[in-house]
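Consider the single chain below, provided in structure tokens and representing the form predicted alone.
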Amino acid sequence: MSKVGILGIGIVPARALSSDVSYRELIFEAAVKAYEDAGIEPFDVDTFVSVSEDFNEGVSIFDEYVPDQLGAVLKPVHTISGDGLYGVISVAMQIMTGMFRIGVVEAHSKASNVLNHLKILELALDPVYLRHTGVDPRFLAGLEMRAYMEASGIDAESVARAATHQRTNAIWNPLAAYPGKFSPDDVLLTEVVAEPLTEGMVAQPADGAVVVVLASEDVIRSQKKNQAVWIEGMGFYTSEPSFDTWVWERATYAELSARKAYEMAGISCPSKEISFAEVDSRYAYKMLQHIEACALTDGRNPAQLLRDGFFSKEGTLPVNLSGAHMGIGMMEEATALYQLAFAADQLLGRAGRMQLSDPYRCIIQSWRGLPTRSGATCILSRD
């Protein structure tokens, strides 16, 4: 099977409001940047994937609305209703068949166009037991946070610290919409969403777009890339099908997808073979839960490691230096690809103030969001 790597990436900086442009203009800007970075033209691309959810877009069969701005007219285009890493994995697998040489993944967010996102989330809740209750769908996150805290011995202050860790990191990420310097007390004093979850522990919506160009090894080498970023391992998984069967205290989907990605990459001790990590954190406690699920703590308490600086830029295993969902913004399918782009820049030595000294391999982990138990994982490495 052909080795697959990243040929180019184009990103529109995330922002809370983008009333001056349409989603098509956002995608077009990201595509132009990606093709320029990759050194290709749209007609060089063999396959396109749009990662989006029709409910969030307000239209059905959304892939019909993306070919023009991607330069994908009369080319294979399909939509994946999952997070961005699912799209990356889909294109990578297509290239690995040998039938395609260059593929493009597009993800975007126009969250500012959505009047009531929680009403959309309600449509994903169980129609018999939950949807008709009118309860904020995020109460599931509150229940899971409580279960995770009880099982792991983590307190709310530690979750608040995870939020501030990411918002502070975002200060040095020019693509992030929500950088900021806060204390854990500032987070704890925000309005309660679903006890013990507070508003300060919930990622805020943002607009933006990202386009990633993937290619086979021969294409990347022919582009005279002196240093490339490769996909070493990947996995995706959907675990418990409904909330009444959830293993509340664990992110089993992340455990299983990470395990498959490590197996593919030949990694036996993740905490020692991974240079840094980017994990989903649309709720602050998820950063800690996903770190554990990805086997990055060697059984140690992630909250204590966070306090000790283990996950900081100067720490042993930096986590979410991009700011992740808390700092970049909650962009549904797109945030994971913003994290992937940040990770690629780290591996190529282009991360600016957040650049690590000698990173060689990283993990990017994503989650589809409430109320799913679906997630994906990619392992990236440099030459």
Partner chain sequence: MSIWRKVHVNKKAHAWEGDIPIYFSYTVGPAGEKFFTALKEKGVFVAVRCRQCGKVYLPPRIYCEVCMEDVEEFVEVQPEGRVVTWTEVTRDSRGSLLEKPELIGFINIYNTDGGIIHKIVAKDFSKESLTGAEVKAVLKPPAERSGELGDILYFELKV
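It should be emphasised that the depicted structure is a prediction, and the values quoted were computed from it without experimental measurement. Residue numbers count along the first chain shown, from 1.
One more form of this protein, predicted together with the partner chain, exists but is not displayed; see below.
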item: Non-hydrogen atom contact residue 228 with the partner chain in the predicted complex at 4.5 angstroms; value: no
item: Any non-hydrogen atom of residue 264 within 4.5 angstroms of the partner chain in the predicted complex; value: no
item: The partner chain contact in the predicted complex: residue 21, any heavy atom under 4.5 Å; value: yes
item: Distance check, residue 135 to the partner chain in the predicted complex, heavy atom within 4.5 Å; value: yes
item: The partner chain in the predicted complex: contacting segment from 330-338, 351-359, 53-61, 314-322, heavy atom within 4.5 Å; value: 53-61
item: Candidate from 259, 221, 307, 131 lying within 4.5 Å of the partner chain in the predicted complex - any heavy atom; value: 131
item: Residues of 14-39 having any heavy atom within 4.5 Å of the partner chain in the predicted complex, listed in sequence order; value: 19, 20, 21, 25, 28, 29, 32, 35
